[in-house]
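Single chain ahead, written as structure tokens, the form predicted on its own.
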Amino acid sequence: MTDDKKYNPVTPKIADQLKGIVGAKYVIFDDAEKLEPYSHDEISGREYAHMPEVVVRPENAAEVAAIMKLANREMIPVTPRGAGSGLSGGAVPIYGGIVLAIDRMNKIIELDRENMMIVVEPGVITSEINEYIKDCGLFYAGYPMSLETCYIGGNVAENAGGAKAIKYGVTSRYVLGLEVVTPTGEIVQLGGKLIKDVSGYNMIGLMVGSEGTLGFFTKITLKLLPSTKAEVDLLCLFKNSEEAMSIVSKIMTTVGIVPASIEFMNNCAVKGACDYLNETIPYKQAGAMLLITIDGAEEQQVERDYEAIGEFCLDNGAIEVYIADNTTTSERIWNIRRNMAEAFNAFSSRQGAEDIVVPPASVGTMVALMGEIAEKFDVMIPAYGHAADGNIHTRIISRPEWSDEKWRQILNGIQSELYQLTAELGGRISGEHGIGHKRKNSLPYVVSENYIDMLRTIKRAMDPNNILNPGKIFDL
């Protein structure tokens, strides 16, 4: 079931049927220039790209269901696509066929203040949710770092995390209900406005993080939280990564405070972002930094908490601790962290973006081992990410004088060592970006064949024709 020859092409007749479902203006067919943006996500390197045959932009669940039934009848693969901001190739139509774009499904359907929930369509930009409810005393906590560009549907498909996952958790904690179109074209309601529900299998838990392989989300019910009243950021400078990482768990276990976020950045990562943004924070004296956010219901408590954490950092090796207690200063610091990926994208198009996750107490060890790998292979490996939940992002950067062939060989060697070390530390090769088709062949580094066979069994049961997002996560 991995052979693309089993799939049929999208003919002009099928394109006309798709136009009949959604309207001619919402179908892109036989136009390479307009189809090209849907052939890739944010991964650098064209080797991960593949052109779709047609792009369809439905407006509601009924249209999605009709498209899925047509695709099953005609044996045409369908690839769901949100904002295309992913880093795993999950939204890339590697067998061509239909790309099902969700950008028209962008309505906030209902804000239920009494139940502290919101119902949205999958094409809502994630940042718009908090913008919509900012005056209601509520907020949505499960957002990722790319909140201003990504769609909530993509966040649910990837079980996206983010900087505040250590305190607030990832997307799955907040998804209470889903309207799903199955791979065979049925519309099913999972969950709803319920905090507790054990009526059968946890299908929402299965769907969240399934990378668009088991269903197409058309409505999403999210849990909201009361807004925090105060927030302060600390930028803590350390001599090296080991000292910085050694205190992360102690902040919670010794000081007894769970910050909203603890972000880690090594010197290479900070320098790259500062150069890109023309920023001037004092990164040169530090081998690594922690960006710690403390929030709470009252200013006095937040002040006590950040003073306790700041003093603890200084007592345990911090060179300096800077306090950002206003929006301007805080945004300046966070802008550096948010732009690290963009900075290295601008620096080099030849790079490998990794998203490993290890037990939180092993982050310091992993970062040190990454430094050894960088020295061994003579490459630059900036490391940054969500220190408190063990999720380390990195960009493996090619030397400019290397040929493409040499770079590919070296990158494969680096990834092999990195994944092996990750496995030895009890980690996984993706914490939030997903497996997609970029990491598919590397999944056996960290999970057993029996585990992958369980995934295959679920996929075959729900998608007997292997129509929905085929070739992602594993091969059948």
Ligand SMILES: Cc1cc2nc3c(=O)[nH]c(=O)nc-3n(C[C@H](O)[C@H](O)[C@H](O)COP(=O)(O)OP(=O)(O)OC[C@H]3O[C@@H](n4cnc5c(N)ncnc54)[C@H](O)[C@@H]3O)c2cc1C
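All values derive from a computational prediction rather than experimental measurement. Note that residue numbering follows the sequence shown and begins at 1.
One more form of this protein exists, namely the form predicted in complex with this ligand; it is left out here, but the text below deals with it.
- Query: Any idea which of 328-336, 198-206, 157-165, 362-370 reaches within 4.5 Å of this ligand in the model of the complex, heavy atoms considered?
  - Reply: Contact-bearing stretch, as computed: 157-165.
- Message: So in the model of the complex, is this ligand close enough to Glu63 to count as touching (4.5 Å, heavy atoms)?
- Response: Contact with this ligand, no.
- Although this ligand is absent from this view, report whether Gln301 comes within 4.5 Å of it in the model of the complex, heavy atoms only. Answer no; every heavy atom of Gln301 is more than 4.5 Å from this ligand in the model of the complex.
- Query: With a 4.5 Å heavy atom cut-off, would you call Glu417 a contact of this ligand in the model of the complex?
  - Reply: Outside the cut-off, so no.
- Is Ala387 close enough to touch this ligand in the model of the complex, meaning at least one heavy atom pair within 4.5 Å? Heavy-atom contact with this ligand at 4.5 Å: absent for Ala387.
- Task: Check each of Leu291, Ile94, Ile102, Leu190 and return the one that places a heavy atom within 4.5 angstroms of this ligand in the model of the complex.
- Result: Exactly one listed residue reaches within 4.5 Å, namely Ile102.
- Which of these residues, Pro77, Gly215, Gly352, Pro259, gets a heavy atom within 4.5 Å of this ligand in the model of the complex? For this set of options, the contacting one is Gly215.
- Query: Counting only heavy atoms and a 4.5 Å cut-off, does this ligand in the model of the complex sit next to every one of Gly82, Ser85 and Glu432?
  - Reply: Every listed residue reaches this ligand in the model of the complex, so yes.
- Query: Along 119-136, which positions have a non-hydrogen atom within 4.5 Å of this ligand in the model of the complex?
  - Reply: Only Pro122 sits within 4.5 Å of the partner.
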